[in-house]
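A single chain comes next, written as structure tokens; it is the form predicted alone.
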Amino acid sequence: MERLHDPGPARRFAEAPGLRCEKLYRQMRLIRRFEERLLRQFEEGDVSGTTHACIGQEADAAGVINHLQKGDIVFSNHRCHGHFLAFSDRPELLAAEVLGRATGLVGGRGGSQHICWENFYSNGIQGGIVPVSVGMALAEKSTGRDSITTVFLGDGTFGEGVIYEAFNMASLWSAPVLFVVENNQWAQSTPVEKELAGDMVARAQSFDIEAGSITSTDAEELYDHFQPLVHKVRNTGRPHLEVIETYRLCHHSKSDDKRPRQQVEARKKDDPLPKLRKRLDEDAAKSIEKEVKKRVEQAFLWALEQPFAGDEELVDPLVDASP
């Protein structure tokens, strides 16, 4: 059955706080359940190459992307599953893509890192996505549209010189772009204090870009924090950089993890899912979890039945292909 996507109305929250909480939890539970299943498929040999999960960082995607409107652009990186699912709510197409199936987002050829779907893009080269996102923002601005571009970076990206050229042009030419830095404290296997001199916020400010930071894994807190920032970028047409001090609870990719186990265990108390679940009615939480489990199971079962990329003529994933 074909499912139509309208990212504007799909992300409009009802005013009731309880309904907002339920939607945020549903999104984060979908991201978590999807990635847990994906890692299982990886262990079973169904995923080629590598894959990077965002377990522990789900609140970032939900807190930011829910403020975007139809026509806005999102540019993500190698750790893109959560951003994509919050943007699209299409787990079946993502599952097909990472499993290399012809009905995937880009025909099973982009895998886990390289996605192009509607106004969502991702690329595994973190530094390289920044000038591209600035160019997209400027292109949209030149048409007179009020859309903005949001680009998700990691702390390790600050070691790449190209982002400072992009910051310079974004500020000089007033690009409506929101730089969201997910500082999970580790650039692959290197702690941030050993690979970053100075301060991320100060670096952006040196280019006359307004910047700030928030330390939180609370989806509702992040949602409230980013609402005025998205509004400001849209209305001023100026760039803004915001650092989210967060933490990744899973390995960098697959099973590589150089972090002290005690540190990881201590940070589990900041897991965003149980933090938000406590605010939900127990029956509502269980209903959401049951619903999400079924959706993810169906998404992967459908994807596993699809032809591999190259096995037959490329299938258009947007033409009545999904369950």
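Not measured: the values here are computed from a predicted model. Don't overthink the numbering: it's just position in the shown sequence, from 1.
Form predicted together with another copy of the chain: not shown, discussed below.
- Although the partner is absent here, L196 lies within 4.5 Å of another copy of the chain in the model of the complex, judged by heavy atoms.
- Taking non-hydrogen atoms only, D89 never approaches another copy of the chain to within 4.5 angstroms in the model of the complex.
- Although the partner is absent here, G161 lies within 4.5 Å of another copy of the chain in the model of the complex, judged by heavy atoms.
- A residue is said to contact a partner when one of its heavy atoms sits within 4.5 Å of a partner heavy atom; H225 fails this definition for another copy of the chain in the model of the complex, lying far away.
- The chain is drawn here without another copy of the chain; in the model of the complex, the stretch among 225-233, 176-184, 202-210, 239-247 whose residues come within 4.5 Å of it by any heavy atom is 202-210.
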